[in-house]
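Here you get one chain, nothing else, as structure tokens; it is the form predicted alone.
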């Protein structure tokens, strides 16, 4: 998914609408507040860094990093720093953090183990790591209620998307492993939950932007035809489909 494409901004907005309430429910439960220091890994869009900045206030700080920071330019200043950064290849930002958070990031990182080590290393004693990642293999359907040909086509195109992801090295079962992974990294008080919507206007916005962003790959690899993609996009626009996302599994643990 190329963040330089215009559809990327649409996707980030839809993801924020779908998942920001879940993310900040966990952030607030962990007690992230005034004066604390946070690292937002793979920030993508601006919504999470801005929400963290509201919580830490003028005496705190938020470091937002990504390989491509195109969609976070303009939010720098005050308590927010933005840096181009590869979580698995570059040293962590200087200093230690009360919260390190990554949402829908590690499933796309080739060396997930190294990325995790670097994030844990960046925590201060007592600091929290909050990882949120998808598990497309746990709930693979775009239309869980496969009631007709439109839903069948939608699910076939979603299967094509999973094929593309797997071909690029994504671990489609990664989300469910997060509790074990955090315990293995030495974190304490590990807990997790999962969330996925099954009908939301933002699901339709996300699906349309995603399909437009990858349609050339679907066609090139014989996973769909242009006619099928146009038919699917028309169904999405019509509002007749009850669209879901893959479950997002949120897992948190504390550095002893």
Ligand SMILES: C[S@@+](CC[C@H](N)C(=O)[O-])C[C@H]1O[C@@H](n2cnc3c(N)ncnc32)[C@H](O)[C@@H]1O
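Nothing here was measured: the structure is a model prediction, and the numbers come from that model. Residue numbers count along the first chain shown, from 1.
What follows is about the form predicted in complex with this ligand, which we do not show.
- For the marked spot (136, 176 and 193), a heavy atom within 4.5 Å of this ligand in the predicted bound form is absent from each of the three residues.
- Note that among 183 to 191, 64 to 72, 213 to 221, 226 to 234, the stretch whose heavy atoms approach this ligand to within 4.5 Å in the predicted bound form is 64 to 72.
- Contact with this ligand in the predicted bound form, defined as a heavy atom within 4.5 Å, holds for exactly one of 119, 105, 157, 82, namely 105.
- Only one of 142, 87, 130, 123 comes within 4.5 Å of this ligand in the predicted bound form through a heavy atom, and that residue is 87.
- Residue contact with this ligand in the predicted bound form: residue 244 places no heavy atom within 4.5 Å of it.
- When this ligand is considered in the predicted bound form, residue 99 lies well away from it, no heavy atom lying within 4.5 Å.
- Although the partner is absent here, residue 38 is not a contact residue: none of its heavy atoms lies within 4.5 angstroms of this ligand in the predicted bound form.
- Among residues of the shown chain, residue 52 is not one whose heavy atoms approach this ligand to within 4.5 Å in the predicted bound form.
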